[in-house]
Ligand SMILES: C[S@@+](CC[C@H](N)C(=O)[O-])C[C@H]1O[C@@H](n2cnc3c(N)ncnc32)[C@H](O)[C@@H]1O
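One chain comes next, on its own, written out as structure tokens in the form predicted alone.
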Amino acid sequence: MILSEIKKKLSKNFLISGIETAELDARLILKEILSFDDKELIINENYHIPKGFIKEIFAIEKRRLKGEPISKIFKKRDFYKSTFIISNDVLDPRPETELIVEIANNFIKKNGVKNILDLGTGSGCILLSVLKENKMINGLGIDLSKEAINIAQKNSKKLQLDKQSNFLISNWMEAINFKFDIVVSNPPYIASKDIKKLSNNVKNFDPLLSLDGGEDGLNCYRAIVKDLKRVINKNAIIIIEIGYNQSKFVEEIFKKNDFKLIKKYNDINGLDRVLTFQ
């Protein structure tokens, strides 16, 4: 079987099953199994794929058709400017979350920043992306999940950022007794009743701990803001991701705790996605 035929077959089967990224997923599978880049995938369209590889490709196809994301199958995901190790123990990094990294980078350029705290770090993708762009600062990532912390530490070593970063198992700021110039977070914000409405590739393969924000989806914001003043410096900025319909509620939670909204940021769909506070 030649490459172009198997690529067409994969794309068609994915499309029939309702996978919106059918052609992209087919390319990603072939690139990974054959160790090809995009250019090699094009120029080798008549390449006869060895039987062993074909068997492996169809085994991956079967998993994808059952809803398992490509990123979870290959245990890696591109985010910002790096590739991160991931697993079923951490949230799959989303492109919209890259907005937090950009906002943090801009703040660091204009202010004297020494350190950054990432609450609910997961794979460490937010913290490590910021540290990679800003070699003069240090960062701490905390997470309640031991498995998530292990993944974040692996990513730190992979990206050669282990001298700039530390990771700690903690229930929000409980184990922290230090002050930071920037706090970033993409906390769980899905209302418990809405978990079952999520797509299969999310609810079946992302950890519930990273999704469930309690009855109204706002529990984590309440928990964070309650202890936040203790761990921030005077002019620190808080950069936090929210659900598309949560802006006014999160703003009110922070306002009640004497935090001022600095700016709202929209994602590529024009929805409120990130809020900054001081």
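No experiment lies behind these values; they were computed from the predicted model shown. Residue indices: 1-based, along the sequence shown.
Unshown form predicted in complex with the named molecule; subsequent notes refer to it.
Colleague: Please check if L209 has a heavy atom lying within 4.5 Å of any heavy atom of the named molecule in the predicted complex.
Modeller: Judged by the heavy-atom cut-off of 4.5 Å, L209 is in contact with the named molecule in the predicted complex.
Colleague: Does the 4.5 Å heavy atom contact test between G139 and the named molecule in the predicted complex come out positive?
Modeller: Output for G139 is no: heavy atoms all beyond 4.5 Å of the named molecule.
Colleague: Mark N200 yes when one of its heavy atoms lies within 4.5 Å of a heavy atom of the named molecule in the predicted complex, and no otherwise.
Modeller: No.
Colleague: Any of the heavy atoms of I126 lying within 4.5 Å of the named molecule in the predicted complex?
Modeller: Output for I126 is yes: heavy atoms within 4.5 Å of the named molecule.
Colleague: Considering the named molecule in the predicted complex, which of L91, I108, L99, L161 comes within 4.5 Å of it through any heavy atom?
Modeller: None of the others qualify; the residue that does is L91.
Colleague: Counting only non-hydrogen atoms, which stretch in 70-78, 191-199, 129-137, 166-174 is within 4.5 Å of the named molecule in the predicted complex?
Modeller: Heavy atoms within 4.5 Å of the named molecule in the predicted complex occur in 166-174.
Colleague: Taking the named molecule in the predicted complex, which residues along 182-201 bring a heavy atom to within 4.5 Å of it?
Modeller: Going through 182-201 in order - heavy atoms within 4.5 Å of the named molecule in the predicted complex - the hits are N186, P187, P188.
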